[in-house]
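Before any questions on binding or motion, here is one chain by itself as structure tokens, the form predicted alone.
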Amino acid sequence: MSKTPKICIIDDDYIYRYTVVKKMENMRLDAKTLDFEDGEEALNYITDHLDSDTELPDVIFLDIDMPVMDGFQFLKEFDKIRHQLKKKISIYMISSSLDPIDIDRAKRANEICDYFVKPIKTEQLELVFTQLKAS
């Protein structure tokens, strides 16, 4: 990937969103970021920019437990518009949940590339960016 990737963080915890951005900056991972407090805000943004590849994210970091629209509800709605997208968006579920049911449900979802337990680790961010460059 030659252009600067766009990373979308969907999480109701402002401090966590800020921490992820700062971690990427400290790792010198060049990225543009979008952040949303819930799945509905993010879905509205994506729907509003369906025809603009440059505005759509390359990667989504998705929390499970959020008000308004949680991570699994977001995935259900995202699947309905996926065919309209002109670019592939990789989704990583990032949650504090250690519940085996949540982990299994995320791993069974075709849209999810991987499941990371909060806080996201340096190695996990490096993996995401390595996979982005390879695509």
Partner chain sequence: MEKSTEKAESKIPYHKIFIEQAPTTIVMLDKNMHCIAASQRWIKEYNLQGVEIVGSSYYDLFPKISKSSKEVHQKCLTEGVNTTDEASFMNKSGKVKWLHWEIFPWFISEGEVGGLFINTIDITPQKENELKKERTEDIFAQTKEVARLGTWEISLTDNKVYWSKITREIHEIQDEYTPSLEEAINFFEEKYSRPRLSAHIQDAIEKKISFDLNFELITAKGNRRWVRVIGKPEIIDGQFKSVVGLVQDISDVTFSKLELNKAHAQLRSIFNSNHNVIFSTGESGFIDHFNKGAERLLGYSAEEMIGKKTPADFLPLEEVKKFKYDVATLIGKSPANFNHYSDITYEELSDTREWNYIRKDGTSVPVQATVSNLRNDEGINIGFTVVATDISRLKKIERRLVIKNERLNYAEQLTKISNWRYKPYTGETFHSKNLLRILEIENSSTMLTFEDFLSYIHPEDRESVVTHNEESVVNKEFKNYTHRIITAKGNIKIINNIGEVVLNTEGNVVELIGTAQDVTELKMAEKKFKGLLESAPDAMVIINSSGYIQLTNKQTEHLFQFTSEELLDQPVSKIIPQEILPLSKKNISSFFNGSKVKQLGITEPLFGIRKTGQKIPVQINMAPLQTEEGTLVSLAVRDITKQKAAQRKIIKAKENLEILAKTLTDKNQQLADFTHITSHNLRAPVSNLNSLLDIYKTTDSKILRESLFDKFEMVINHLTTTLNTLVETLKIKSEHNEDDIADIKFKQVLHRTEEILAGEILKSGARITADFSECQVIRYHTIYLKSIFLNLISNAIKYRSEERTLELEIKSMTVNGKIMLQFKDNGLGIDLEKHGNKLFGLNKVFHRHPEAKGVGLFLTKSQVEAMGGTITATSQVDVGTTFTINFN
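No experiment lies behind these values; they were computed from the predicted model shown. Positions refer to the first chain, counted from 1.
If you look for the form predicted in complex with the partner chain, you will not find it shown, but the lines that follow are about it.
Colleague: Quick one: in the model of the complex, does every one of 22, 68 and 119 get a heavy atom within 4.5 Å of the partner chain?
Modeller: Result yes, every residue of the spot touches the partner chain.
Colleague: Within 4.5 Å, heavy atoms only, one stretch in 50 to 58, 106 to 114, 85 to 93, 36 to 44 touches the partner chain in the model of the complex. Which?
Modeller: Checking each option against the 4.5 Å cut-off leaves 36 to 44.
Colleague: Can any non-hydrogen atom of residue 99 be found within 4.5 angstroms of the partner chain in the model of the complex?
Modeller: Yes, residue 99 is a contact residue.
Colleague: Answer yes if any heavy atom of residue 126 is within 4.5 Å of a heavy atom of the partner chain in the model of the complex; otherwise answer no.
Modeller: No.
Colleague: Select from 10 to 37 the residues with a non-hydrogen atom within 4.5 Å of the partner chain in the model of the complex and write them out in sequence order.
Modeller: Contacts from 10 to 37: 13, 14, 15, 16, 18, 19, 22, 23, 26.
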